[in-house]
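Have a look below at one chain only, the form predicted alone, in structure tokens format.
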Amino acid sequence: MHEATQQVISALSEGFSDVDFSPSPLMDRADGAVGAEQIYVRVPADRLLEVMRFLRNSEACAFEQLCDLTCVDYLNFPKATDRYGVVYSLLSLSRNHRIWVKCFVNDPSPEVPSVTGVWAGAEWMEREVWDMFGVRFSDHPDLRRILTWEAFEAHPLRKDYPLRGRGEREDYEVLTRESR
């Protein structure tokens, strides 16, 4: 683990001694080596906002930028204990380090607090995760669908969503080259 990342983990452990962050490599490399330069920490949903504020405001961390916010559906993943992992990619420009934060939630009503109050740029990314995965962001200023329509009842990036859809495409005329 890089020294800068170790400092972030130490600052988190000191600031939140009651939270088990379980720092781990973001992914294992194909050659079997561990990717120690890319570390993620686990944060429980009920502590997410205070940890994210700490990561942004702490001198040791200084994560000024939320680079990405996405979700992973762990349905049928080996050894997975939770259904959804909301993943936050954070960058510190001033300290030149990165960290990923994973917040795990489950059905029937997966929900995490919105981080739009910490990073305003999270607004559209949270809307996309809501639309595609069905993870709700509490206290989001405008949680509407962004890629599908409001009456659409499913969430297409869930692993249990059928590959051919649920009939929503059947109302459209099939266009061919000959139908011009």
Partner chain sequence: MADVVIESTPDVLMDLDKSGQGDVRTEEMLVNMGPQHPATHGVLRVVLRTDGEMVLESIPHVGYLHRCAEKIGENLQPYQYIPYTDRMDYLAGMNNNQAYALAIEKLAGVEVPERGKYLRVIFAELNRVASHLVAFGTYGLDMGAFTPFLYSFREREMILDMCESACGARLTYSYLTIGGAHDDVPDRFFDVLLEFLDYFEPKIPEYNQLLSFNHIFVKRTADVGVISASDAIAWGLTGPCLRGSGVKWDLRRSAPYEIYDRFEFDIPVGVAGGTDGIPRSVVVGDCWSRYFVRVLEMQQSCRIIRQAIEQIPDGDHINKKLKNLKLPAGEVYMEIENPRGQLGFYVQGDGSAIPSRVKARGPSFSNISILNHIGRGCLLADIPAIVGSTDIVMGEVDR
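Positions refer to the first chain, counted from 1. Everything numeric in this text was worked out from a predicted model, so none of it was measured.
FYI, the form predicted together with its partner chain isn't displayed, but the following is about it.
Asks: Does at least one non-hydrogen atom of residue 103 fall within 4.5 angstroms of its partner chain in the predicted bound form?
Replies: Judged by the heavy-atom cut-off of 4.5 Å, residue 103 is well away from its partner chain in the predicted bound form.
Asks: Hey, in the predicted bound form, is residue 157 touching its partner chain, heavy atoms inside 4.5 Å?
Replies: Within the cut-off, so yes.
Asks: Are any of the heavy atoms in residue 58 no more than 4.5 Å from a heavy atom of its partner chain in the predicted bound form?
Replies: Residue 58 lies outside the contact set for its partner chain.
Asks: Does residue 83 reach its partner chain in the predicted bound form if we count a contact as any heavy atom within 4.5 Å?
Replies: No, no contact at 4.5 Å.
Asks: Can you pick the one in 135, 52, 69, 41 that has a heavy atom within 4.5 Å of its partner chain in the predicted bound form?
Replies: Exactly one residue meets the criterion: 69.
Asks: Which residues within 112 to 138 place at least one heavy atom within 4.5 Å of its partner chain in the predicted bound form?
Replies: The stretch 112 to 138, when checked against its partner chain in the predicted bound form, contributes 119, 120, 121, 123, 124, 125, 128, 132, 133 at the 4.5 Å heavy-atom cut-off.
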